[in-house]
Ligand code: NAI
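Only one chain is given next, in structure tokens, and it is the form predicted on its own.
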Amino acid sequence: MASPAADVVVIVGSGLIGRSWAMLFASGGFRVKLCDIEQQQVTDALENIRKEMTFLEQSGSLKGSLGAQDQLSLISGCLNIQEAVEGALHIQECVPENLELKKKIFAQLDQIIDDQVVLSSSTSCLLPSQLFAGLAHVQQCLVAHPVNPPYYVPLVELVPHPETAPATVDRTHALMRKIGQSPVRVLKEMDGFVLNRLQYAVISEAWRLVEEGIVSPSDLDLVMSDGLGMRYAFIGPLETMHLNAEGMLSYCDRYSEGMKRVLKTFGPIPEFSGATVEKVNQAMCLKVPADPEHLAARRRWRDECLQRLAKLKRQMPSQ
């Protein structure tokens, strides 16, 4: 059954992230209007979504209580953004990661929306204070940063502008929960938000360990995939500390001196260039050649792994 007309979500931009958002909102029973500037882009996006949903249903991995056809019937394409936003409760911007382009889109939306709809950006690195500066509806604006690929990785970082109303964050948090995502509240904006700050810290030390000849690129990745990543798929670093001793206080009492000693040996920020990038690239290409066909096949394998892991996580009790 389709949702009432009032339950409309607008997706601006029909690329990979936009298509994923469209599928997620449709899985929650929302009517989705997928907007872009060219009809062919919209047509291609809708066909891609149809194929993806059909495959997900056949493999038993389709989200939501509706079948693929019912979900597909909730998604429509549009070119006229002014018509699309009428009656919408949420607008999710998914255009390319370009500050001026995004600001242009939000300035346009600011002129045509009412005082109820939430304006949300999918940006992975642009700060809300940059994106939403000067907008009349700034209290209704925030970043909702998904993790690629969003359909299989449920985390969404909610990052407010300094003037975002608390109710805007609350509404978006509830909406994300409703479509099966795992929203986290970033309490104030910071460059990189949370996920990328953690990711870049790991990448930086990984790069230094390879650069200094401590470990090979392939073994470095194995440390994460068959080591840290195994438990981080279910619990985070803070709970890991808590469980690896008799609670957090015990862990810090036992291990803080050792942690501080090791942390002091960390080197400067790598350049990510020169001989090391050649070395890492060679190792990666031995595993996955860097041509479109091999990369696409490996991404499909990754997504299938994530799909199966997501299924396992849903089956596991949360406590």
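Being a predicted model, the structure only gives us computed values, none of them experimental. Start at 1 and count along the sequence shown; that's the residue number.
The protein also exists as the form predicted in complex with the named molecule; that form is not presented, and the subsequent description refers to it.
Trainee: Verify the flagged residues Val12, Leu16 and Gln41 against the named molecule in the model of the complex: is each one within 4.5 Å by a non-hydrogen atom?
Mentor: Every residue of the candidate spot has a heavy atom within 4.5 Å of the named molecule in the model of the complex.
Trainee: Which one, 172-180, 135-143, 216-224, 115-123, holds residues whose non-hydrogen atoms are within 4.5 Å of the named molecule in the model of the complex?
Mentor: That would be 115-123.
Trainee: May I ask you to state whether Glu97 is within 4.5 Å of the named molecule in the model of the complex, using heavy atom distances?
Mentor: Residue-level check for Glu97: yes, a contact with the named molecule.
Trainee: Is it the case that Asn148, even though its partner is missing from this view, gets within 4.5 Å of the named molecule in the model of the complex, heavy atoms only?
Mentor: It does: once the named molecule is placed as it appears in the model of the complex, Asn148 has a heavy atom within 4.5 Å of it.
Trainee: Using the partner position in the model of the complex, report whether Lys102 sits within 4.5 Å of the named molecule, counting heavy atoms only.
Mentor: Yes, contact at 4.5 Å.
Trainee: If you check in the model of the complex, is Cys35 within 4.5 Å of the named molecule, heavy atoms only?
Mentor: Although the named molecule is absent here, Cys35 would touch it in the model of the complex, with heavy atoms inside 4.5 Å.
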